[in-house]
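There is one chain below, alone, in structure tokens, taken in the form predicted alone.
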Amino acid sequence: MHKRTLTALLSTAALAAAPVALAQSVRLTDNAVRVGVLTDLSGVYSELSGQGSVRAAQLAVQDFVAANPSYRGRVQVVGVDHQNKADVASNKAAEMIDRQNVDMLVDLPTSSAALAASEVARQKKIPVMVVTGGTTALTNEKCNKYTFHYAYDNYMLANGTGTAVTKRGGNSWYIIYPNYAFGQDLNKQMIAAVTENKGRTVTASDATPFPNTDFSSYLLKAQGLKPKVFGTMQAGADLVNVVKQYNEFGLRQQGIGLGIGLLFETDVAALGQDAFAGALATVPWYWNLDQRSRDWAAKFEKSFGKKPTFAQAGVYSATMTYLQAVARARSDDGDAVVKALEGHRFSDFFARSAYIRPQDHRVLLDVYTVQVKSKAQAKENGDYYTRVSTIPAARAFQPLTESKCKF
């Protein structure tokens, strides 16, 4: 099977053999619902999303069909690589919708790719659940009727981590960020959070190439500036490189703390948790949050061979939320599903106290500020975080009064 176009058919039954009960009660185009996982299958975000996100969507379909047997053989998952490039994401999204008859798109790591695919979906009137892209533009100036922002966004990250670090005494920052939509937006959001909590930046932030492997010039600059916090807004493999070099340059021993914009479990695993120990981050979920999360994570690990990241858990939750909306709408028509999603309240193992805000399609949910444990503090493999606080859904995300979204 080609790596960049992975199609997982959950049933080999012919589509023409639709169950009579379903055919009579639900209107499905092509007699099927097709979930499109548009993701990074080959680049810097492939470990944290990638094939794991495709598998998470498949598990959601399996569980949905088990609870709704009239859909048996009628729900499929298609996984496609967007290579973290906006032009590729745009072309692949159009191809998935027009040629593979995909009814929704999900995942979308890399904000520029998410924005590009969101625009295609708007034109085609297909719902999009952005889980791994972080830019708040998706629910502001670039919002549209068919795009929903799930899991996290840059406002939530900065509101949680920027506030917590600054209030703990980290009140002078030097920030670097990857020079594309996600990094530019997170830099802006983090500066706002720091200054709102009476902190400051010691100099203008520096944009870095994306992707990048050598951050030595920025670390040398930090040594000269001597901020209390070296803020890195990188993600995935770029973040791993930054933190590795931060430790090699001995900034921690020089009294310069580490401020992380976006942290995934795979980043901690890549370097070992001692490299991140003591750092604060804000996450929408982690696998050992509670027993409900542990139970789902064990099921995922048994199926995929690795513990899930929050992005992969979010893809499961978003896929299930979409399919349940299809069931409520009794149709996979884009407009009907959007109507079924707007204003929906729910709580699953991933999204607690969740509410889909109809005005801008921000999915509100409880989130958590966590501190990375040292290896000595961990009780088992993958036990990375101590929960510092829970930020309720109503306070975790940008208030509606500040949103620039109009659709």
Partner chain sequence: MNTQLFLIQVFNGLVNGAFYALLSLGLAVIFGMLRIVNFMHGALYMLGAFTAFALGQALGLGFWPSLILAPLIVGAIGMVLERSLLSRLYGLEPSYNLLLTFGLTLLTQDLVKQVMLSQYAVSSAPYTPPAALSGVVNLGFVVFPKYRLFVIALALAICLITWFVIEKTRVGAIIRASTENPNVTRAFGIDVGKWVTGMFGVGVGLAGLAGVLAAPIYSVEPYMGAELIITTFAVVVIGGMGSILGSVVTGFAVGVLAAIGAALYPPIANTLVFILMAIVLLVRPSGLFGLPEGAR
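Here the rigid core means the biggest group of C-alpha atoms that line up within 1.5 Å when the two forms are laid on top of each other. Residue numbers count along the first chain shown, from 1. Just so it is clear, the model here is predicted, and its values are computed rather than measured.
This next part talks about the form predicted in complex with the partner chain, which is not shown.
With the partner left out here, the partner chain still marks one of 186-194, 214-222, 142-150, 282-290 in the predicted bound form; by a 4.5 Å heavy atom cut-off that stretch is 214-222. Of the residues given (Lys124, Arg328, Lys228, Lys306), Lys306 alone sits with a heavy atom within 4.5 Å of the partner chain in the predicted bound form. Scanning Lys299, Lys244, Arg252, Lys85 against the partner chain in the predicted bound form with a 4.5 Å heavy atom cut-off leaves one residue, Lys244. Not displayed here, the partner chain is kept clear of Asp360 by more than 4.5 Å at the level of heavy atoms in the predicted bound form. Using a 4.5 angstroms limit between non-hydrogen atoms, Glu248 touches the partner chain in the predicted bound form. Though the partner is left out of this view, Thr201 does not reach within 4.5 Å of the partner chain in the predicted bound form, counting heavy atoms only. Using a 4.5 Å cutoff between non-hydrogen atoms, Gly278 does not count as a contact of the partner chain in the predicted bound form.
Within 4.5 Å of the partner chain in the predicted bound form, a heavy atom is found for none of Ser90, Glu342 and Cys405.
Of all the residues from 150-180, the single one having a non-hydrogen atom no more than 4.5 Å from the partner chain in the predicted bound form is Asn179. Core-superposed comparison between this form and the one not shown: the CA of Thr213 exceeds or equals a 2 Å shift.
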